[in-house]
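Below sits a lone chain in structure tokens, taken as the form predicted on its own.
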């Protein structure tokens, strides 16, 4: 039997599930719209994996989770490692592009920049406040312009004239686009102007005062947009690499981390098995009154029993659950 390792990246817009072998070759990958239902999207991804991976040939030997929904996903599947997005993306990128120095990552509702030196993260910045330049904003604009998001990049590359769009805010960007439409500018010119504006906003917000060094790698769902890639290359004056699995790099990274954890410890995986898909997971929350921090504690019940809690700064509730589970 060949050992396989699962990586799950649960974000606000997409849930990505991958499986790799011991050489980190991708055996399976799927990109699913979360649609506000992280539990259902994880179940759907694992079910697809179950159907497509030959269980007579492969055995699941480790599982890792990452993303904003990494804790709930970790409880559901029985994760061996639960890691933040910065670590997961950096691990995957340095595997595929070992010499990488700067990572541009733009997802559905946030964006990140990660600086690498000698294969290690030395600095990073995240933007989770403004939606300008994220996948959800581009989806909205493509719908408003009456074109599919898959065509967005082609339109940008067909532009003949430079059009400057205000990109520091989604509201201003949309208002400026409408104004340019009223002035008679073509869709390709407006879309290209928007791509350039969003890249300027990204660089100004996340890379301010930081030195950008090549090689540059662009990943996340928005990396599929050739217009944004071209805008990055124009802005920084250098080639930008897009890896083959650009939209599931976080999941690949956490799968690699799970593989390394199992190989290092020699322990058996905590993976609950594919039958866990049938388990009823119910999340809830409450405000802890134990001190002035008033932490919001997330509680997850599995078939009526509390199996996980997190969100408390002191770890009191997490400790209580671990004692019960053990």
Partner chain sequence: MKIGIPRALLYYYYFPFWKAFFEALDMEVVVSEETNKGILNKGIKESVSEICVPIKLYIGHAIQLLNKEIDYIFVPRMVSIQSGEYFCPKFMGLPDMLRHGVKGLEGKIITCQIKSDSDDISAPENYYPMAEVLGVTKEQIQVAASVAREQWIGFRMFNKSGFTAVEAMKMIQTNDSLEVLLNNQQSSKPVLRIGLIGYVYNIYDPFLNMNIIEKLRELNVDFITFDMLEEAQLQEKIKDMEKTLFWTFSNKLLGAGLRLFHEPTIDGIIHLTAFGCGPDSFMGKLFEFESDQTGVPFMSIRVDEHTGENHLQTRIEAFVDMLKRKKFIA
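Remember, it's a predicted structure, so these values are computed and weren't measured experimentally. Numbering follows the first chain given and starts at 1. Basically, rigid core = biggest C-alpha set you can superpose within 1.5 Å across the two forms.
Although it is not shown, the form predicted together with its partner chain is what the next lines describe.
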To verify the annotation, which of these, 102, 142, 247, 87, has a non-hydrogen atom within 4.5 Å of its partner chain in the predicted complex?
87
Exactly one residue in 294, 285, 52, 265 has a non-hydrogen atom within 4.5 Å of its partner chain in the predicted complex; which is it?
294
Stretch from 234 to 242, 173 to 181, 68 to 76, 146 to 154 whose residues place a heavy atom within 4.5 Å of its partner chain in the predicted complex:
68 to 76
Proximity of residue 124 to its partner chain in the predicted complex, heavy atoms at 4.5 Å
yes
Answer for residue 208 alone: is it within 4.5 Å of its partner chain in the predicted complex, judged on heavy atom distances?
yes
Any chance residue 195 has a heavy atom within 4.5 Å of its partner chain in the predicted complex?
no
Taking heavy atoms only, is residue 257 within 4.5 angstroms of its partner chain in the predicted complex?
yes
Does each of 199, 224 and 229 have at least one heavy atom within 4.5 Å of its partner chain in the predicted complex?
no
Indicate whether residue 263 shows a C-alpha shift of 2 Å or more between this form and the one not shown, with the rigid core used for the fit.
no
Can a Cα shift of no less than 2 Å be assigned to residue 314 between this form and the one not shown, given superposition on the rigid core?
yes
